[in-house]
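Consider the single chain below, provided in structure tokens and representing the form predicted alone.
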């Protein structure tokens, strides 16, 4: 028995055909992959559905968009093509990015777009969350308005011809900047012990959230001018910005209210015990915790707002999506609407996907003790 046990405990003492050879890492991964794809009848069904989707939808699209696509040339080169004509996008890219902005002055629109992009990227870095960032935003937005509108030696350009990605980003950025302080005020007012103030906040938030955004834009375009004194006028882009700000503020306020409710009451009491005033408690203790709690909701609202900037078409402004649509109407390119919408969709998807991934990163960054391995 002792010899048998020793032989069993010592693999090298066993005959070659009896020894157990452990599977290689590659073999183990393949087995896991096969089990995930076809391990159960349900997994097999889902896998077959995905294969069918790829065969019926994905591959024909890739064949049209990449394999048979025309990348260079003019409209004549695309007339006989069976795939996408990306040469159209290359030819119309300046119009798509800058809209009807005068051609000789489009460098100013590009500079304004770059300034806003740099400010957004800088705001995404928590290490820069200091008061100089607010100064940079103020100076940057002033520079953007000067670049686009003219002044200080630059040729004036009416807001009617601002367009493209520059206009989309301007409406988004300016709307969020104007809405943020209003949203904080509405959220705090809704939790106030003053009944009248709380009622006004509730009415403002619920009425705005219950109206479609396009209706808010129509109201800003048609009703707001009727409220002004005779002879007074407000630029339609400014009216759109006010409508966007009010709409965004209502949704942000409700999200912030949820974050404020999630902060334990003991945080207030501990701050007051340390001698902090109510304002110091809100600014240093309560609001940072509330915002950290609702980061996913805030990012979701911001992404929706960026996508909804395309609705400014109803007041006669040509944002990025509508500039792409108008560019496709050029008869020289035989109405390349498919390529125009595909390019716009790719840009929107890329920006929104980056925003969603940044949201996940920011959650982990501001919550160092949270073990989230998504």
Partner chain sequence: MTRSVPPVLPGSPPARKPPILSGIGGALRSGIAVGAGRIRDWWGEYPGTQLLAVGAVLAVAVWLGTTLSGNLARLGLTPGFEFLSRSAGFEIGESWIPYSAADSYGRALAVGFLNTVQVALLSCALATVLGLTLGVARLSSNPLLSRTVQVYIEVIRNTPLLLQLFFWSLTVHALPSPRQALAPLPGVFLTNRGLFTPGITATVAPLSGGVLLLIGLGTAGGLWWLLRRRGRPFRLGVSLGAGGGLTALLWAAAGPAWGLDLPRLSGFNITGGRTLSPEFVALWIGLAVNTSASVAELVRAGIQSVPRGQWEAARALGLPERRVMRLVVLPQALRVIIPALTSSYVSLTKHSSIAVAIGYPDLVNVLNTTANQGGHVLEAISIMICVYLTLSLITSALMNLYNHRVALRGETHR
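Between two forms, the rigid core is the largest collection of C-alphas that superpose within 1.5 Å. The shown structure was predicted, so the numbers you read here are calculated from the model rather than taken from an experiment. Positions refer to the first chain, counted from 1.
The same protein also exists as the form predicted in complex with its partner chain; that form is not shown, yet it is the one meant from here on.
In the model of the complex, none of the heavy atoms of residue 126 sits within 4.5 Å of a heavy atom of its partner chain. Under a 4.5 angstroms non-hydrogen atom cutoff, its partner chain in the model of the complex has residue 348 among its neighbouring residues. Although the partner is absent from this view, residue 307 contacts its partner chain in the model of the complex, with a non-hydrogen atom inside 4.5 angstroms. Of the heavy atoms in residue 132, none are within 4.5 Å of its partner chain in the model of the complex. Scanning 121, 139, 111, 219 against its partner chain in the model of the complex with a 4.5 Å heavy atom cut-off leaves one residue, 219. Proximity to its partner chain in the model of the complex, defined as a heavy atom within 4.5 Å, holds among 211, 238, 145, 262 only for 211. The candidate stretches are 88-96, 74-82, 192-200, 171-179, and the one lying within 4.5 Å of its partner chain in the model of the complex by heavy atoms is 192-200. Taking a 4.5 Å heavy atom cutoff to its partner chain in the model of the complex, the contacting residues in 268-302 are 268, 269, 272, 275, 277, 278, 279.
Comparing the forms between the shown form and the other one on their rigid core, the Cα displacement of residue 329 stays under 2 Å. After superposition on the rigid core, the Cα atom of residue 307 is displaced by less than 2 Å between the shown form and the other one.
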